[in-house]
Ligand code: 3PG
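In the block that follows, a single chain appears as structure tokens, in the form predicted alone.
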């Protein structure tokens, strides 16, 4: 998986945008960036697409901007010349795909059938668009094709919304989802960027699913840890469970047998994806302690600590 696709995967959501008025392009990009989602697919469904991409890229060169609904090699050239970093097509067009591959342009072609997917693998593609997702069988279809096409990854688009977003993102063969529910055309046309920002933030929070997992209490030694753990267990009738480095009381209290990270202890925050949480939190200036990063067998981050303590507590993200 190339770096660009990996970045898209970490963001998890690709806003699919239709811009009729070029004056709305930069304010919309600014809104997405301030909401924590600096990625967009600007569709070539309007005459303003090329100019909108150019305007966004010139103003925010670090934003990950792609061109969508690309139907010809001529549109590929226009999009790339305007600064588009990737190309998305609605269907599987071999001519456009080969053109992009030969020029080293990241192409995410649309697929909806097993034949499309087989052809994509034959052409050496790792990631394709699944479109229209809901109308083509949705989550259950992607589960089914995950058996024969184990190496192919998907970006479902079409019918994705806040309610079914995590159903798609939970699949191993889905790298991200494309959607327009947070960037609807009527909101863009009306310049209602406050609503766009609110909907984008809501989408991110739904995707990440932050929740409190447990609180860790630092102790000087086993005797102190044992005393605290037994007291909490007795008061609340929580299960007492001895571990190698700590004692768990119930599911939400961990008593450390020795001083660990954090002056007072640590707070563990659970998330649907640590890698996506890192990408989002990095956009708002949060730094991480790379020495604490732990990976799973697939090379994805399963745990990491924030660099900064809060209230004397180290903050721990985990899947």
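Note that the structure is predicted; figures quoted are calculated from it, not measured. Positions refer to the first chain, counted from 1.
Another form exists, predicted in complex with 3-phosphoglyceric acid; not displayed. Remarks below refer to it.
Contact with 3-phosphoglyceric acid in the model of the complex, defined as any heavy atom within 4.5 Å, is confined among 235-243, 113-121, 128-136, 73-81 to 128-136. Contact with 3-phosphoglyceric acid in the model of the complex, defined as a heavy atom within 4.5 Å, is made by none of 9, 85 and 106.
Comment: 3-phosphoglyceric acid is not present in this chain, but in the model of the complex one of 55, 48, 69, 272 has a heavy atom within 4.5 Å of it, namely 69. The listed set 94, 159, 91, 191 contains one residue whose heavy atoms approach 3-phosphoglyceric acid in the model of the complex to within 4.5 Å, identified as 159.
Although the partner is absent here, residue 216 is not a contact residue: none of its heavy atoms lies within 4.5 angstroms of 3-phosphoglyceric acid in the model of the complex. Heavy atoms of residue 167 never reach within 4.5 Å of 3-phosphoglyceric acid in the model of the complex, leaving it off the interface.
In the model of the complex, residue 180 approaches 3-phosphoglyceric acid with a heavy atom inside 4.5 Å.
Contact between residue 16 and 3-phosphoglyceric acid in the model of the complex is found at the 4.5 Å heavy atom cutoff.
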